[in-house]
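Encoded as structure tokens, the following chain is the form predicted on its own, with no partner shown.
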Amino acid sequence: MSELSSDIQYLPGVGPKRAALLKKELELGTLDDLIHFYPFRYIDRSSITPIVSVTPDLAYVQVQGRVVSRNLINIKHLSIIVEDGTGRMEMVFFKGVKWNFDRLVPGSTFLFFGKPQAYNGRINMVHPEVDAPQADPNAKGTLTGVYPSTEKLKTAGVTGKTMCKLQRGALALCLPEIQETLPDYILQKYGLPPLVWALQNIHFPSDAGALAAATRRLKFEELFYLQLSLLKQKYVRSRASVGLVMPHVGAAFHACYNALPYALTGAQQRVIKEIRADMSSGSQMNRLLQGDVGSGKTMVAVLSCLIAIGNGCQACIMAPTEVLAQQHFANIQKYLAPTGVKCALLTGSTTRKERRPLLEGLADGSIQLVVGTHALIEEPVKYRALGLAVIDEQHRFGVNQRAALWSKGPLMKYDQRSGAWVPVSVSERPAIPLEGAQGGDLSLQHVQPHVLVMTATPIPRTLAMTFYGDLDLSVIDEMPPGRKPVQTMLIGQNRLPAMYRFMRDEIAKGRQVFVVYPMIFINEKMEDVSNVEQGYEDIVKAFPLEEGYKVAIVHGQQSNEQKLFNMKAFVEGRAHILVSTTVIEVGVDVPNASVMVIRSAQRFGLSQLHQLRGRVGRGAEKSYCILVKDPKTGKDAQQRLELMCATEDGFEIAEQDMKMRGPGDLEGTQQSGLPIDLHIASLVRDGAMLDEARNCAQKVLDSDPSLDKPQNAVLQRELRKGKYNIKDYSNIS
């Protein structure tokens, strides 16, 4: 067995107990895992700080001092006083008390390394690392790595010093069998050092220059293989997928386009051209359409559907909620008025009586466009020739749900006269054997529809390239002319009476108001956080029915019938105020609503706040978003809320949101919440390198799509290991 695959427990200094802890806390099971577990920062252990210069605001410092006295306060508390000629300071130990008492005898000199702090008017260090002067010649004059850790590891004695010793032992065993993972031509082109050298210098850098070179090499490799894996998937899929060729635009498209009461933005026109090129290419389209709230994605979706319809196919638009499906249907009906295209709505609420002719119309092709919820993928639904599937708010649907929709694609036969695949009619299907998919009049192939995935949640470009790296990406980065900005303001709870007066003024003008809460019921652990249950009572008291105010409430624990009834009351203008949780984050279009109030706003993430704000500002009137913070609002939350007031740019907000997200449970974690574990690269900080790595991967595949050339054998070997396979966020075919 190779050293790399050896269980970590057999490394000197580990053993079964520590191995179990390292596995549980850091997912380190083998020596290979360990040597690819990198420091998250480095400390210069070559310098010694005079005690007189040590202050609590410094990070980590190293002092060399002579032990003056030792005081065993109790069996769990040891105080050591040291001096260096410039001053004195205290070293405090709560663990390893007896061992340190016996070791740190008065008159002896040691190096103490740790974080200084102030306590009872003097400077001390708690649990400093202790070494004899120049005890470790390897550490002399070098940068020392600090590794991610947890409280459980520290309590069990797995300190930073321990981790360095383990890494040194693992490297001594493993480096002789490390294989290079990048071809020579890539190393030379990008000036990257060999892998063995990079691993040695990422853990124990000889100097700052060596650390920078090792870091760049390992980051580039990680990002390169991530993008190579995604682009290769995309290449394989595009070759394997037969796409419905849609060369025509069609009369319905022109009729709709010419009847629009406004001009499309340049961004909308650009995206439609990209979609049209995909649909006429002969390969299945798999495109992600990003666009901020109100940027006009629905219009792009409708025109894309009309291209499919103009080529003799059907289209569907699948929404995550019934309310959104109904609103899409109502708006799309207006757009389709001049086209003669027959459109239908299919949701869970569609009655049995309505459903029968609808299903017949989809099966015989007389219904050309259908809007709906997950009801579109239910077993009884058959399409004659589904050519385009549009998925709105893709993250709300599971992979299995989407796969069920792709299976609704048409059965096609190859027509030799036209040289194209054409849909097989329902009446033909029983008579034609399902054999052979390679040429001939009767050869059949199940063709998946073109796919357009839409999201109103702006995704930072680096994340989009990773989450959706095997999709083509379109971005609507331009807002329609005339759309008024939403004025956003931040207030404390002391301003609630003034806010209520403002709400009354807006309602008096004929407007409507959203009031959103983070929780449904009061939570004992967060009693100071606003909740819908109490909030509804407060709003009803402030806006009583006897004064003519009508208040609706919507939250996740209501039945679908209750939610739909109350939401409909607000959408149709019968309720002045809608009190809700974030169930209205996606899919409520009420142009008459001019005020969005978000209570306990510090409890929401930036992207969520932006989505909620997007529920207003959809009409002709000036709109407002009022963020109400609680008294116990932290510094980071205050920063988020102030950013919301400063910009309406969803992409800027998404970038900042990614930068502000916490590091997770581990001290020093590089990245959290991503579809792949990045050991050293960061999608937040390494955007330029991600571009460089993606361009390199693209060039490799352009010249050798199957990676069959001898110089690319190493790439094949690394991809087969599967460690660069990401969770499938875009598995839509």
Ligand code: ADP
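In case it trips you up, residue 1 is the first one in the sequence shown, and so on. If you're wondering where the values come from, they're calculated on a predicted model, not measured in any experiment.
Keep in mind that the form predicted in complex with adenosine-5'-diphosphate is not shown, yet the notes after this line are about it.
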Legend entry - Which of 171-179, 285-293, 103-111, 594-602 sits within 4.5 Å of adenosine-5'-diphosphate in the predicted bound form, heavy atom basis: 285-293
Legend entry - Partner proximity in the predicted bound form: V245 to adenosine-5'-diphosphate, non-hydrogen atom cutoff 4.5 Å: no
Legend entry - R88: touches adenosine-5'-diphosphate in the predicted bound form, heavy atom cutoff 4.5 angstroms: no
Inset, instruction - Evaluate Y225 for contact with adenosine-5'-diphosphate in the predicted bound form, applying a 4.5 angstroms cut-off between non-hydrogen atoms, and reply yes or no. - result: no
Inset, instruction - Flag Y262 as yes or no: does it have a non-hydrogen atom within 4.5 angstroms of any non-hydrogen atom of adenosine-5'-diphosphate in the predicted bound form? - result: yes
Inset, instruction - Using heavy atoms only and a 4.5 Å cut-off, determine which of F651, Y235, Y549, Y335 is in contact with adenosine-5'-diphosphate in the predicted bound form. - result: Y335
Inset, instruction - Identify, from the list D589, D84, D131, E221, the residue with a heavy atom within 4.5 Å of adenosine-5'-diphosphate in the predicted bound form. - result: D589
Inset, instruction - Give a yes or no on whether each residue among Q268, T298 and R618 has a heavy atom within 4.5 Å of adenosine-5'-diphosphate in the predicted bound form. - result: yes
